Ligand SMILES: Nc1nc2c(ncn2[C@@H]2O[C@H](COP(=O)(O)OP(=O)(O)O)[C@@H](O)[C@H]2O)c(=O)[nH]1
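One chain is shown next in structure tokens, namely the form predicted alone.
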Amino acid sequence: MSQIIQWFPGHMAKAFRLMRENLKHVDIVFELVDARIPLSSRNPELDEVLGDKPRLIVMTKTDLADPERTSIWRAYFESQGLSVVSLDTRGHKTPQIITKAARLVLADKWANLAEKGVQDKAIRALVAGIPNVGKSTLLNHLVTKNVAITGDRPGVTKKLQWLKTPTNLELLDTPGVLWPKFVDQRVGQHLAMTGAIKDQLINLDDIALAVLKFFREYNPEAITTRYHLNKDIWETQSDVDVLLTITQKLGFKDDYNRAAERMLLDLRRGKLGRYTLELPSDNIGEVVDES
């Protein structure tokens, strides 16, 4: 039986309270989602917290995601009545893209302000998302200097801070927040694969096996090429046997946990190519009967 993954540090409960307290001070919410896991990286509890506040979905890490699937997800979000942009947060045009999109979302409100004589008002935005979704990287590029602590591990940002950008945005950074229970365990797996949950809290071999199961159908060549395996290995070996073979190929003898850790690092750093783990038709987040 695979591990049930849950993670809800105490600072995250505090973050929700701080969001509620500061929501009245912002014009719009930038909700960041990982383009590789567009549904699993959306915190379902944010809807209750944010209410009807104008929102812009910002799909991050598109440089690591499958571009065709990113287009599918953009269309899906737009069909839900949501405004969305997809980008590599490190791109030099990121500040202009985000600011333009925010102004479009707030166009009616800004037109009313202009009629009242209010000109060039800064857009105040709350930036929200799960851990490791790229919030700090985005903020640093919007502000054009390193003002937010970044890292390739979840839970780096732990307090609120206001930041100003050259494009007339005022941004309220918030800590990454997960939710206390994943009803669909695929959500936990996908968050673990992409690094949104600390590796110390998961069974690495279980997650590595989930990676192999995905790539067996999605792009088996990415695995065989990276780890110098025979192409027919998928026809002759189970996922467990493939992991053991990779362990030996890496020179780790029978330390498959170490091989699992290497595979997850390769996945997160793009060494296995661009990928998106989910499609809208997968119904991620719903209960799946695996009996």
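Predicted, not measured: the structure shown is a model, and the values here were computed from it. C-alpha atoms forming the largest set that superposes within 1.5 Å between two forms make up the rigid core. Residues carry their position along the shown sequence, with the first being 1.
Omitted here: the form predicted in complex with this ligand. The next part is about that form.
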Counting only non-hydrogen atoms, the one stretch of 68 to 76, 200 to 208, 164 to 172, 123 to 131 within 4.5 angstroms of this ligand in the predicted bound form is 123 to 131
Would residue 190 sit within 4.5 Å of this ligand in the predicted bound form, counting heavy atoms only? no
Would you please decide whether residue 46 lies within 4.5 angstroms of this ligand in the predicted bound form, comparing each non-hydrogen atom pair? no
Should residue 90 be classed as touching this ligand in the predicted bound form when contacts are defined as heavy atoms within 4.5 Å? yes
Should residue 26 be counted as a contact of this ligand in the predicted bound form, where contact means heavy atoms within 4.5 Å? no
Contact residue in the predicted bound form, chosen from 255, 239, 63, 266 - any heavy atom within 4.5 Å of this ligand: 63
Partner contacts for 208 to 246, taking this ligand in the predicted bound form and a 4.5 Å heavy atom cut-off: none
If you line up the core, does residue 174 shift 2 angstroms or more at its C-alpha between this form and the one not shown? yes
